[in-house]
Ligand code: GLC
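In structure tokens, the next block holds one chain alone, the form predicted on its own.
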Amino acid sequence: MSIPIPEKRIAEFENFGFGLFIHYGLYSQLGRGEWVLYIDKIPLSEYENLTQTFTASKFDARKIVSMAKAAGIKYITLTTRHHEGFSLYDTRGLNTYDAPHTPCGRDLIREFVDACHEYDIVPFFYHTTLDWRDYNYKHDFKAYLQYLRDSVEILCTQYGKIGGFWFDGNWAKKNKDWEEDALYAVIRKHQPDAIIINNTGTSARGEAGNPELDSVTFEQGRPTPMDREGMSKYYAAEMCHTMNAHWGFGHADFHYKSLAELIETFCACRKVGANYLLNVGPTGEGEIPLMQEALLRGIGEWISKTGDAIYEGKPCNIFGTGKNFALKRGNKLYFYVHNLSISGDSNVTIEEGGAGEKTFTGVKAKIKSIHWTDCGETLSFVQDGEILKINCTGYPYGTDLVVRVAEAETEE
């Protein structure tokens, strides 16, 4: 058996490495997460009143996309319609339950796509497949599926070139025929190079599905290595992750992950070749909360110090101890080292892990030189066959990158 060669669009998607997920809708005004309609059992007649106060007055697509650019984001996946059934785009007569028919009066997806193209960010569209509001979803499923396809066709034909579609909801009716072939055919007709993803949810992480899909998903948790031996096609992998416990805005959710945890999770994704799709949830007015913006900017600063191999570097069967790993790009290897200590006076430094010799196995290429990407310091090393031992110096006082990267030149 052999590993299939990835199609061009899939290879390009893998090289994006880092994406931004944005969950925004009517639910954002309530500030209790994106499932508030379902979890709180709010009557539809009451919930629909949120359309009367949906202004998106602080939704500034250019500001959001420029912030993503500064964070090192390569693509953004925005909720065009979530499970509540409300659309951020002009549904062009399919219904009036959309942003243009609220006090907002704007097609937010048009603004989003235009901003992405301006900043050279690739726009992706999240679109629910289930719908808690639609009558036919419960009573005439075939008619509902036609409505879903018609909705997706609008997104395929009215916004120029799209990077991909991210579907979510088939897990709600596992025994139903979702007519996936017909849905994906709409996309292939109008957007042949679009990546197609259909989320398998938290209960089926990493499972492949319809052969037209291009990537498997890992929701929360950590991605596992893909075993592509004997697969009929090459699937990419992507893990989506929240900064706190909600995808949509939670006004009283203060349980944020630390910047260090987000950096380590990003590295854990790239260690196995998976993209990292990190979520933000704008407020009801459409503004990214300051904490979320700060965490994104922190990741961008980390990337600026550790190099861009995090995007195009590939897993290469080199193994380190603990969380340490290596990626390969061209004739260079990049060693990602965790838990180094800080050098300094014992009165002001706190030990975490330690500096010193770090061992990597499976290093077949002859190493010429190694240096830290953040400061250029040359590192000594010993190579014995496929075993490489790098003398990893500690951080200077006032520095801690969480994961430090050593770049190695090889004789290949």
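Residue indices: 1-based, along the sequence shown. For clarity, every value in this text was computed on a predicted model and none was experimentally measured.
Form predicted in complex with alpha-D-glucopyranose: not shown, discussed below.
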Checklist entry - Just one stretch in 65-73, 29-37, 378-386, 359-367 has heavy atoms within 4.5 Å of alpha-D-glucopyranose in the predicted bound form, so which one is it? => result 29-37
Item to check | Contact check for Trp302, Trp372 and Asp400 against alpha-D-glucopyranose in the predicted bound form, heavy atom at 4.5 Å | outcome: no
Checklist outcome for this item: alpha-D-glucopyranose in the predicted bound form has a heavy atom of only one listed residue within 4.5 Å, and of Glu287, Asp107, Glu180, Asp168 that residue is Asp168
Checklist entry - Only one of Phe86, Phe335, Tyr126, Tyr89 has a non-hydrogen atom within 4.5 angstroms of alpha-D-glucopyranose in the predicted bound form; which is it? => result Tyr126
Checklist entry - Is Asp134 close enough to alpha-D-glucopyranose in the predicted bound form to count, meaning some heavy atom within 4.5 Å? => result no
Checklist entry - Closest heavy atom of Asn199 to alpha-D-glucopyranose in the predicted bound form, within 4.5 Å or not? => result yes
Checklist entry - Hey, in the predicted bound form, is Glu111 touching alpha-D-glucopyranose, heavy atoms inside 4.5 Å? => result no
Checklist entry - Even though alpha-D-glucopyranose is not shown here, does Phe18 get within 4.5 Å of it in the predicted bound form, heavy atoms only? => result no
Next on the checklist: For a quick check, can you give me the residues of 235-253 that have a heavy atom within 4.5 Å of alpha-D-glucopyranose in the predicted bound form?
Outcome noted: Cys240, Trp247
